[in-house]
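Just the one chain here, the form predicted on its own, laid out as structure tokens.
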Amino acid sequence: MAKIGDRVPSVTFRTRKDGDWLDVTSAELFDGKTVVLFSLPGAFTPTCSSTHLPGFMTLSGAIKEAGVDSIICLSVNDGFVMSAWAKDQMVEDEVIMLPDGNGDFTDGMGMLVDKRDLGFGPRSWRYAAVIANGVVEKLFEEDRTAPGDPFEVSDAQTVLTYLEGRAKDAA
């Protein structure tokens, strides 16, 4: 499981842009940048669509003002699904929708969970992270012992509160 101080996994993501395939590496996304990454069980799922993604979209300006270069939404879905979900949720440039179709990044973070009982197969555990220059600075992982699909600490407001405190400490 990822810990503070760990480097993010080095993987290549198969993404879609303007109808074409575009490979993007972890290094391109994280090196030399401060990034907020949030990961969730799946596109089009209830909490992910009604609260988790919309929260980061709404607070994206404030998060970026707190010193963040980009906000990434990661899910163990393919590029077609993530593109369709972005369109459905009217995501523009406030959040990067990143497909981890094979779960390689998620597995490398130690966040791959088995959701076969729901018919989902392997998915990501719900979490958020502040990543500075490719290294995990802060992790907001939901309680793995809680029943169901907890959503208590990986929300946009919790991440923003941390970032504001971080900025205050740096001043």
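All residue numbers are counted from 1 along the displayed sequence. None of the values given here were measured: they were computed from a predicted structure.
This protein has a second form, the form predicted together with a small molecule, left out of what is shown; the following refers to that one.
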(request) Tell me the stretch among 45-53, 138-146, 22-30, 105-113 that has any heavy atom within 4.5 angstroms of the small molecule in the predicted complex. (result) 45-53
(request) Consider Ala62 of the chain shown here, and say whether it contacts the small molecule in the predicted complex, taking contact as heavy atoms within 4.5 Å. (result) no
(request) Answer with yes or no whether Gly134 is in contact with the small molecule in the predicted complex, where contact means some heavy atom within 4.5 Å. (result) no
(request) Given the small molecule in the predicted complex, answer whether the residues Gly67, Tyr162 and Arg166 all have a heavy atom inside 4.5 Å of it. (result) no
